[in-house]
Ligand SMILES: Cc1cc2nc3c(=O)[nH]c(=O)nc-3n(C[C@H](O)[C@H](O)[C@H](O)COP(=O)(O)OP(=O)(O)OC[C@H]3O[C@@H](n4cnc5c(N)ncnc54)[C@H](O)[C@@H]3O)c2cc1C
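We begin with a single chain expressed as structure tokens, specifically the form predicted on its own.
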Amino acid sequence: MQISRRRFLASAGALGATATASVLAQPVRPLPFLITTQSDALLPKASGKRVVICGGGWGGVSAARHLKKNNPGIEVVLLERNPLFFSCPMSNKWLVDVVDTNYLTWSYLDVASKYDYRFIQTEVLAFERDRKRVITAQGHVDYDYLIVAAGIRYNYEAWFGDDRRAAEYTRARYPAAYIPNAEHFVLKAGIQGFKGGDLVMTLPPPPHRCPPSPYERACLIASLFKQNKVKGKIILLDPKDSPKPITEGFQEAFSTLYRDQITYVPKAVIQEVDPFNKRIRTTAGDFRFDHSILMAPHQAGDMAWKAGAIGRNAEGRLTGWAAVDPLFLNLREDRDVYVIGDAVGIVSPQFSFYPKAGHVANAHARIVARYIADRVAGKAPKAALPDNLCFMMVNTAPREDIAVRFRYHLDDQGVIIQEQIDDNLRRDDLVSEDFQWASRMYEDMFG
């Protein structure tokens, strides 16, 4: 039997009144099972080696699963503030109902139970690396090895400085939806309820999460507008001189499929954003909007900052990204702390950053899980490199994708070299490969 929210709240109120009367009739007793301070231990000391993973995105979940696969004797603890996993990869398709919500969501508790690791829903507040300790909202957890899978944060400060009101207003009204999951639902409602006018999308400067995905999002929204005969224009403000990666494939989609729906504006570096008056000033001109998707610049997620993982450039300024050993992904000054996925900083003078994509996060997780398992077993880890594969849907009627693949190898000087292969020809067989890729990834993380 399904229970409505109204019935549930009414029942809860009745139960609450009964419980209150019962409590008043009882003597007051301490509740030792409740953690009352952040200094209390959330877990007892581990009997063996313990790995604590902070962040339950693609990297964090993959790391937990593969650590237990490589060495079942390692105690693995995953800390994540969200109650359910929500996948950013494939979410652009969800925005226009190509896939449903169940396709993107998974139970942390179910997968933790299946693979015998511990999931704790909590907020990570701080790190005491000298004591090898993570401080959470529920108490502290000690570790032998730490994996920080921090994802990204929006650098609204680049637009608004210390004006928190403008930042919060922007995130609430015009969310970027690159951090799961509440803002995805706001964005979807805004897109599907759009009645017409100018929808302006600002693209963040590189590096940012999933480089080709803003262009895919623009195409899918344009496809929705086209099918529903919405009299609206998507104005895509890109700080780059052309769509990258998959340049030709996106350019062809813009000009052939969505000539009446998409206006692509290159070299549009943001100079000022006024969300209250719906105005944006850029190096390519000024724009007003009826609705907007405002993607601020990206940085490593908050946990990477709290962990003291952010690097500095030659001038001593913070880079906004974690400084790691390019091959082993541990902090240079702390080899027991690893950073994986989107938060990772520069790894090569040739291409600078790995693509900040779910595929790379999963690859990093599997690599670091093996590194740690080898170290626990007393072995010296052998360096490994990730790969990356991204499919982007550009049409829904008929469904057609384009794609890009990245391969990595070491040159004679030990520098990581990137090879990029764009597949610009949109076609339906890539859609099948797209969903097969997602199935493989989900199987690898959740079984």
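Only a predicted model underlies this, so the values are computations on that prediction, with no experimental measurement involved. Numbering starts at 1 and follows the sequence shown.
What comes next is about the form predicted in complex with this ligand, which is not displayed.
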Look up in the model of the complex whether residue 178 has a non-hydrogen atom within 4.5 angstroms of this ligand, and give yes or no. yes
Report yes if any heavy atom of residue 232 sits within 4.5 Å of a heavy atom of this ligand in the model of the complex; otherwise report no. no
Residue 209 near this ligand in the model of the complex, any heavy atom under 4.5 Å? yes
Answer for residue 348 alone: is it within 4.5 Å of this ligand in the model of the complex, judged on heavy atom distances? no
Segment that reaches this ligand in the model of the complex - one of 318-326, 84-92, 266-274, 221-229, heavy atoms within 4.5 Å: 84-92
Just to confirm, with a 4.5 Å cut-off on non-hydrogen atoms, which of 331, 201, 357, 296 contacts this ligand in the model of the complex? 357
Position in contact with this ligand when the complex is considered in the model of the complex, options 300, 309, 369, 149, heavy atoms within 4.5 Å: 149
Within 104-137, the residues having any heavy atom within 4.5 Å of this ligand in the model of the complex are 108, 122, 123, 124
